[in-house]
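Given next, in structure tokens, is a single chain: the form predicted on its own.
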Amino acid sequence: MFPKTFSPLKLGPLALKNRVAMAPLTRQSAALDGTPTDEMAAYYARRARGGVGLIISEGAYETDDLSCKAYLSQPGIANAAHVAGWRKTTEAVHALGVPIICQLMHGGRVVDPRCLRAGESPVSASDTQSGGWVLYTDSDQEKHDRGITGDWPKVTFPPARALTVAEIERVADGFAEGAARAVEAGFDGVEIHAANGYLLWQFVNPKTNLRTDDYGGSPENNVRFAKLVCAKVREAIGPDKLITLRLSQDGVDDFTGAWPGGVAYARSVGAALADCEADALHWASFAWADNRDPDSDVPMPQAIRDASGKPMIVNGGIAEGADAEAVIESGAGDVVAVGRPLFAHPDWAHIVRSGEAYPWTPFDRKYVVRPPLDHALCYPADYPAPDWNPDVASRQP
């Protein structure tokens, strides 16, 4: 079933066995200091065992500097302990024959204020303040699933200040340093996160980028920072590792966001990225074919792919095999990134390839907190090993 979805593909330097990628999925499950855990290795290995052709990790902060870290318990790739922690994941995934890349992200203006140092302000493209709030701080169900007691506040984002040009260079260098550490940890490349409301998105999006210098004011200038990051990352990790660049209209604080100019702006962004160092682009959305442009019915990933000439990973609204096949048949994408279905159903790729109808479990945040794991790697603490008597002749008292 679905011959295009399950055909092999050369994506940059990587040979993929099929065109199903595990999308980057925020979980906030690392240690408080950002060190990846054994549970995370078991989580990623279980999805590798489930048949995907590529894994893109959840967003990792690459430096502990300039409001880079966005969430409590977000994994990092900022020091030797982080590298050692991630190496358990990459080795487990590689043992199952699947490549994995590390998503690198900078929170920018949408950083949990509890991740900031005393006296530190978030940074962004311009002096702005997000009207949103930190994810999962307003849900009693989330509190229950995580076993949290005590106060459960709604945490809003503080005002952000504009990065200076010197600081833009510094942040780009931080991405490169994080990319080098990711390769040291065993990753097959990196994804540069310029989507979903985070710092590079704040530059790409003309609604949040109010600059009048070389880093704002036009589609070409708005993507200049992202291109700088890609260039520095390529220099740091060389030609044999994959680089992808993730884009979106919406963000964690703007779930229905749309670019001013719609498809025309998307085409300009794509054209400006044609010569960037990324091997592929990655479109993120809730529904990939919904471009939110009343004047055009061209899907955004199609517009950007055509204008850039680069392979496209497409994410959003892909729940069944037919959805994945439609993306590739349409020419909008070369790879599909599957997100929420993989939380509860790590065998999604195997299931859809079988062609059998399947009663999918509806998405629930509890599967984010406690997903199926590969128990060959980790026996989670909430499943305590029973103290069984090895004497088979024994009986209950």
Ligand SMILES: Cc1cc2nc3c(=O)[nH]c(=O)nc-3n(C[C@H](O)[C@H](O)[C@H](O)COP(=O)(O)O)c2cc1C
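Residue positions are given as counts along the sequence shown, with the first one as 1. All values derive from a computational prediction rather than experimental measurement.
The form predicted together with the ligand is left out here; the points below concern that form.
*asked:* Leu11 versus the ligand, in the predicted complex: is there a non-hydrogen atom within 4.5 Å?
replied: Leu11 lies outside the contact set for the ligand.
*Report whether the minimum heavy atom distance between Gly59 and the ligand in the predicted complex is within 4.5 Å.*
Heavy-atom contact with the ligand at 4.5 Å: present for Gly59.
*Answer with yes or no whether Thr26 is in contact with the ligand in the predicted complex, where contact means some heavy atom within 4.5 Å.*
Flag for Thr26 set to yes.
_Contact test in the predicted complex: His193 vs the ligand, heavy atoms, 4.5 Å_ = Close contact exists here: in the predicted complex, His193 approaches the ligand to within 4.5 Å, heavy atoms only.
_Selected contact from Asn222, Asn315, Ser124, Thr90, since only one has a non-hydrogen atom within 4.5 angstroms of the ligand in the predicted complex_ = Only one option qualifies, and that one is Asn315.
*Pick from Thr208, Gln249, Ser130, Gln103: which residue has any heavy atom within 4.5 angstroms of the ligand in the predicted complex?*
Filtering the options by heavy-atom distance leaves Gln103.
*Could you tell me which of 46-54, 350-358, 62-70, 336-344 sits within 4.5 Å of the ligand in the predicted complex, going by non-hydrogen atoms?*
Looking at the other structure, the answer is 336-344.
*Can you name the residues of 282-303 that have a heavy atom within 4.5 Å of the ligand in the predicted complex?*
Contacting residues: Ala284, Ser285, Phe286.
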